[in-house]
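Presented as structure tokens, the chain that follows is alone, the form predicted on its own.
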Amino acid sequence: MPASHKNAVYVYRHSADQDAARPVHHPVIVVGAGPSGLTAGIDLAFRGVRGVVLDDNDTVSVGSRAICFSKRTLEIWQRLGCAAPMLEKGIEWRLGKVFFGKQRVFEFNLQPEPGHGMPAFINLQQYYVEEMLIERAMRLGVDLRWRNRVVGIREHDDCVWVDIDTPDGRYVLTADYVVAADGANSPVRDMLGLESAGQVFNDQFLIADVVVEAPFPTERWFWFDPPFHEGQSVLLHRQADNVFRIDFQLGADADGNAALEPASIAPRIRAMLGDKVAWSLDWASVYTFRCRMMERFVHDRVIFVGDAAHQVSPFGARGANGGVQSAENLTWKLARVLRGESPVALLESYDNERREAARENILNSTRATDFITPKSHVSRVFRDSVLRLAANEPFARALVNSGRLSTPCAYRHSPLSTPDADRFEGAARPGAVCPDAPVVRLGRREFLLDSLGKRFTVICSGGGLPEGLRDDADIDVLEVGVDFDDVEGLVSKRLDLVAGGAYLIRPDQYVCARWRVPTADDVVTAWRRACALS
């Protein structure tokens, strides 16, 4: 870690629950205080559900680990009141460059159009992200319990019993639901005798976090077969505090322990940066990875999120981003079920939607890994030929895969979506995230996603609001020209929203239905479907 940053230590506190004569009951217990578990705990509190978050440690992650946080993840954290310090501390970027040997092959822009509240990506070390999430959780009154290690879990018809070990001994809690966000090697998953299936990759990579004053721009640079690391690949990202993340491909047969020795790391970095650049090693690790997922994420009253449910390679920043997006998908549904507003069947849509997203992430991640680390001579010849062509031929650039960067999954097969009855242009279809755009609301310039609250929302234009919907206790209304002004016309453009039309947006900002000219019955029927009420 940079000298300017030292991990906070969170004090273990004895809970009154530990002295209770009988196990104390909570609506939700979240196991794991990483990005996914903290997001779940914060979002549940945001929705009025006071759960407990348990973690077996008393500090945040060691080393930078996840560093690339996507636009969609930032939109989620913006909704939860967490994004501002991350944006202030993080390094914004949208440009990526790909090199082959000494030649720059091409560059790409992840957010070429203006008019979005959040940047395409920020780079920020995971320990900073976790500290900021913890601070937000504490402000919301989330019950965070450090050095509380789950050692047993028993499911019953009406609740889950959780055995917990602490410095003061063991105690038991019960909960309506347990959210398992306890990582790739999930102890909760093991305790229930469940497994993840998929592919294990033997290729090894060295992460070196290097503190250096260097003229590298805030871009993602990826080298195939660079002259300073021949035959392998290298990835460079800038982080906060002038820390640069460098990933060196080592190969499957490398000695990982030897690669971590300072005498091995230093020559690699000097070959890359040159002898005249001063640098210091902040943190290093050697990793391999797996692309796998559980057969089901919902197991009665125990629900898995993040790496506990699905794991991908680090190429494309799909791990932490996918986990946070899974947490958001779950929390609004779980809150409705706990309040008795929707049947338990609504939780099945979490399993349906996020397994679809996990399959998409694993597919993209596996393809990137196969391109970066070809497994045969023929694959290597194909890859190198593509890279040579990409310098001058646009068609070849689409075949270059240094990690397709994280984008939100569109739930094409969601049971909560109402199929289109009318023709629309653009990508804002049912099952996709509502696109952002600048608006003026209550005399203040903001963005459309900032205007969406905790509930379902109808966005409509020019008389497209069916009579009586403003009086509906379950649905908010945002009418163009009444509740906000579409100052640059981008809301109408990105939604293909014309006079008389309307969209129904879920509490997680996904589109669940849209119409050219809806009736009140159309909207209510679509809302009931999205709540699993029919």
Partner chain sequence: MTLNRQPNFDDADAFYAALIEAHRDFSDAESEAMNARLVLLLANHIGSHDVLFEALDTARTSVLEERT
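Numbering follows the first chain given and starts at 1. As the structure is a prediction and not an experimental result, all values here were calculated from the model. Basically, rigid core = biggest C-alpha set you can superpose within 1.5 Å across the two forms.
We do not show the form predicted in complex with its partner chain, though everything after this point is about it.
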Pick the stretch from 242 to 250, 196 to 204, 380 to 388, 159 to 167 whose residues have a heavy atom within 4.5 Å of its partner chain in the model of the complex. 380 to 388
Give me the residue from 138, 399, 344, 421 that has a heavy atom within 4.5 Å of its partner chain in the model of the complex. 399
Yes/no, residue 105 Cα shift of 2 Å or more between the shown form and the other one with rigid core fixed: yes
